[in-house]
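This document contains two forms of one protein chain, each encoded as structure tokens and listed individually as structure 1 and structure 2.
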Structure 1
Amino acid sequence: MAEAAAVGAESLSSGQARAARAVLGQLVLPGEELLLPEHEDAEGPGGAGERPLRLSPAPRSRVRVVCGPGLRRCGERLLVTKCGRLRHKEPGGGGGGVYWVDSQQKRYVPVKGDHVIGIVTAKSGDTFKVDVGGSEPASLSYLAFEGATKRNRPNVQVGDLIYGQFVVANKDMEPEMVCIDSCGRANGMGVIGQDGLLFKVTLGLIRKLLAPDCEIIQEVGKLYPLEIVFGMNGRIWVKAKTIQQTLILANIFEACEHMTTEQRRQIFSRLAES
């Protein structure tokens, strides 16, 4: 970690941009610039060095790259805005894929498209104020529910839990949530049931649990029949048949972040026997 931080600090002080694919999984620092794959050849092998001599200008192919949390598009480069490890997801149907910075942070920063769990704190006119754990509450219109009209308003009260997604999330505007997808369907979003337990975990654990190859969810599903909702803002809502089972599941999720695979298997085997 110290060597990676030293390399990042050296490139930041020298002003040279590194290739994004060359630093995947490594530590990047705020203010550092990364070269996209289609611009690596144009900048030279060492980053922002001498450009190779070309007899005829070759046309550049514009590749669509999605910038995730911790990155910002700055011209033909990526600008790092958070400290963490650079990650990349290969695209399914062509393109440059998705780049993001995997970092550990306590406060959730709203991101467009994230599915979160919020708490209705107030009702002002035609909108609801929803606490999502960010620096300011998000707004939710009463028309942002499936089948909602001016006459048929949704039954939402102060204190209800809302599962929705962000459609507006940037530093200059108030976050805005909706409980419908692009087709106008709820698709599992809306008011969460009154029963169940809501608790908070770290943002890193949420990303780990939502990974496609996460073994924790598969092992938990074998213990008890349950209903569970994950929010990217670090909130989990879980409901089992009994209150005791619900509390056991909540304790498992809170403790599994610091457990090894062997320790987790031992606990699951003990619970299965009991």
Structure 2
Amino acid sequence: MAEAAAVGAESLSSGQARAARAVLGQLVLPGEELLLPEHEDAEGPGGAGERPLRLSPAPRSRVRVVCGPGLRRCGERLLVTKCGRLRHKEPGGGGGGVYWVDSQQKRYVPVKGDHVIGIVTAKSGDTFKVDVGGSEPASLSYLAFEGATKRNRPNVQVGDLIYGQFVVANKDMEPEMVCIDSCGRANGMGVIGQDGLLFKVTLGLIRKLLAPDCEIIQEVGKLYPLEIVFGMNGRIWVKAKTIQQTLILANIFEACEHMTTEQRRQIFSRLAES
């Protein structure tokens, strides 16, 4: 990691943009500029100043590139805004794929479409105020529940846990949540049941746990009957049959972020025995 940081600092000090393809999986730092494949030949090592004159400009490959979290478009340029490793996903059908920065952070910033766990902090008229860990509480309309009408209000109390989705999340506006999908069905969203335990982990761990081939989840699922809810805002809610089992789960999730695969396997085998 220290090595990678040194490389990053070096490229920053020289002020030269690196090609996005060349730094895949490597550390990038905020403020760095990345070159997309189609820009590489035009603004290569020679710099923008000495661009060779072309009589017939080569047709630029017009592929759309998506820049995900941690990257920002600035005109034609691609800038890094977060510190972390650059990742890339090949496109499914055409296009230039997706680039993003895999970063480690604890502060959640609401993003449209994210599923999060919120705590109802206030009821004000037609909306609930929900704390989601962002800079501002999100608003949740009482009509945004499955089967809710003006007459038939959902039974939501202050202090309840809500699993919902963002429909409005701008940097200048109050975020807005709903507990139904576009078809009006709950699909598991709404008030999360009684009891259970809520705790916070880093945002990176949530993504790690929700990855389709996550070993931790597969191992945990074999232990005993349990239920988990993951919010993209770093909150995890767990519930098992006894309080002891619930606490064990919470401890596993909190600890597994800084464990190696070997250590994890040891712990799971020990748990399975007991």
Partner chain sequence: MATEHKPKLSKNLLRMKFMQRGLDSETKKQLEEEEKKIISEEHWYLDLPELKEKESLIIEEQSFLLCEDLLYGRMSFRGFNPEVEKLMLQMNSKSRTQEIEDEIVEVDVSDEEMARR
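Just so it is clear, the structure is predicted and the values come from calculations on it, not from any experiment. Here the rigid core means the biggest group of C-alpha atoms that line up within 1.5 Å when the two forms are laid on top of each other. Numbering runs along the sequence of structure 1, starting at 1.
Novice: Determine, for this pair of isolated chain forms, which one is the form predicted in complex with the partner chain.
Specialist: Structure 2, not 1.
Novice: Could you find the option in Lys106, Val156, Ser135, Glu146 that lands on the hinge when one rigid part rotates against the other between structure 1 and structure 2?
Specialist: Among Lys106, Val156, Ser135, Glu146, only Lys106 lies at a hinge between structure 1 and structure 2.
Novice: Any idea how many degrees the smaller rigid part twists against the larger between structure 1 and structure 2?
Specialist: Expressed in whole degrees, the smaller part rotates by 14 degrees between structure 1 and structure 2.
Novice: Give the rigid core superposed Cα shift of Val80 between structure 1 and structure 2, in Å, rounded to one decimal.
Specialist: Rounded to one decimal, the shift is 3.6 Å.
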